[in-house]
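Okay, here we've got a single chain as structure tokens, the form predicted on its own, with questions on binding and movement later.
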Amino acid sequence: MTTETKQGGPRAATPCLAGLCAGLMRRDLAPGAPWLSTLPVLLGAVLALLLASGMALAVFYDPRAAQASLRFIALEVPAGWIMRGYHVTGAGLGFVLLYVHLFRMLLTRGYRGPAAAGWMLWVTLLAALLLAGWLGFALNGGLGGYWSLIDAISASLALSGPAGGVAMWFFGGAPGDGTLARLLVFHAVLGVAAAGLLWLACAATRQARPAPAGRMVAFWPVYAAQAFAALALLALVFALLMCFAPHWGQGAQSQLPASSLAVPAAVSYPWYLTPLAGLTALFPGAGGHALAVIAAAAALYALPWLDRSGGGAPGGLYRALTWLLGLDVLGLGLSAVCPLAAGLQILLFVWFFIHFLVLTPAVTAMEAA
């Protein structure tokens, strides 16, 4: 009887782990990356927490009695209030991280050239999370979510053609006992899709990054310490919000039970949906809302081709206009919370599109000259 020596040892038995370790220790990164470069890592951690807490909540959630089941989870299920707090706080923090990351990409022109594919994936991720956030708002079973859903279904049923067919497929027809159950499935699918989109966006951004010149470093241990410190800070902020402001930015109507007899004068949306609500407020009906959303998405998707800088560094005027765009988006969000004068709301809406369609091509071409 003969014995043969096994080759490869632990590495042959765990090729995935060996590949992960090799990738973490590969020297292919430039030193001195800013702390804001950890935002995708933090967003990935928050999405993982949202998926885990969402699966735990889905075990006990009853779409036929949405708010009652959430109350049961918080009061009767062991550690249920923690799971719900994780989900609510994680949703708010996730949008903070995503909005800041997209604003940073705008400010540094991180959407040009080879990075255009990555930018489009980030915009798609934003769209998926906004839809998932609205579905979560409706699934909460509060007064605001109830009437937002009723208005959306009623308006979509009036649509005809392909738009009406898509709306009928999405909502399943008139509101009924199975509506929230159907939306719960879409909410879960969008959560998983968001995780995949985040991975693709990070991979595309990394692939488009130019090869660093000179000394290169590995993620481990150079940037691992930075990522761990950022995660620790995120955990601290997360704990403070969850313990001392568990309902921050959710809207007062989310805490009121849904009722067909109590009709709010205006729906109170969670803070992360208010910019979109302000952008669509000027267009009545589902068709107008859809048109405004499609126009805003088209402007964001077309940004890499609207930029005429030719690869130059952002100038002072471009940066100033980008900061002004950020203030404009904040104003749109404020208009959904506190009604503004009609002229000011129109100005905020028009400025959003003027920035992308007029000012961006003109200023970038001027700075490249």
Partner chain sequence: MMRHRFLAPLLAAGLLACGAARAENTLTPLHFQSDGWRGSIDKAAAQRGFAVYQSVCASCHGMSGLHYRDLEGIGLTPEQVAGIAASIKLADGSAATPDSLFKPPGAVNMGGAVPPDLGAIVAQRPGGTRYVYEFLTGFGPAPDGMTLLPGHFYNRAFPGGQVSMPNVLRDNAVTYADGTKASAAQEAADVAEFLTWSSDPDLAERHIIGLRTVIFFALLAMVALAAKRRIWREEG
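Numbering follows the first chain given and starts at 1. These figures come from a predicted structure and were not determined experimentally.
What comes next is about the form predicted in complex with the partner chain, which does not appear here.
Trainee: Only one of 294 to 302, 263 to 271, 170 to 178, 74 to 82 gets a heavy atom within 4.5 Å of the partner chain in the predicted complex; which is it?
Mentor: The contacting stretch is 74 to 82.
Trainee: For the three residues A229, L233 and H247, which mark the spot I'm curious about, does each lie within 4.5 Å of the partner chain in the predicted complex through at least one heavy atom?
Mentor: Yes, all three are in contact.
Trainee: Considering only heavy atoms, tell me if R215 and the partner chain come within 4.5 Å of each other in the predicted complex.
Mentor: Result yes; R215 sits at the interface with the partner chain in the predicted complex.
Trainee: How about A203 - does it come within 4.5 Å of the partner chain in the predicted complex, if we only consider non-hydrogen atoms?
Mentor: No.
Trainee: Is the gap between A188 and the partner chain in the predicted complex 4.5 Å or less for some heavy atom pair?
Mentor: Flag for A188 set to no.
Trainee: Is there any non-hydrogen atom of L256 lying within 4.5 Å of the partner chain in the predicted complex?
Mentor: Result yes; L256 sits at the interface with the partner chain in the predicted complex.
Trainee: Looking at A155, V222, L184, A117 here, can you tell me which has any non-hydrogen atom within 4.5 angstroms of the partner chain in the predicted complex?
Mentor: None of the others qualify; the residue that does is V222.
Trainee: Check each of M55, A341, A65, A33 and return the one that places a heavy atom within 4.5 angstroms of the partner chain in the predicted complex.
Mentor: Selected option: A33.
Trainee: Enumerate the residues of 109 to 141 that have a non-hydrogen atom within 4.5 Å of the partner chain in the predicted complex, in sequence order, or give none.
Mentor: Nothing in this stretch is in contact.
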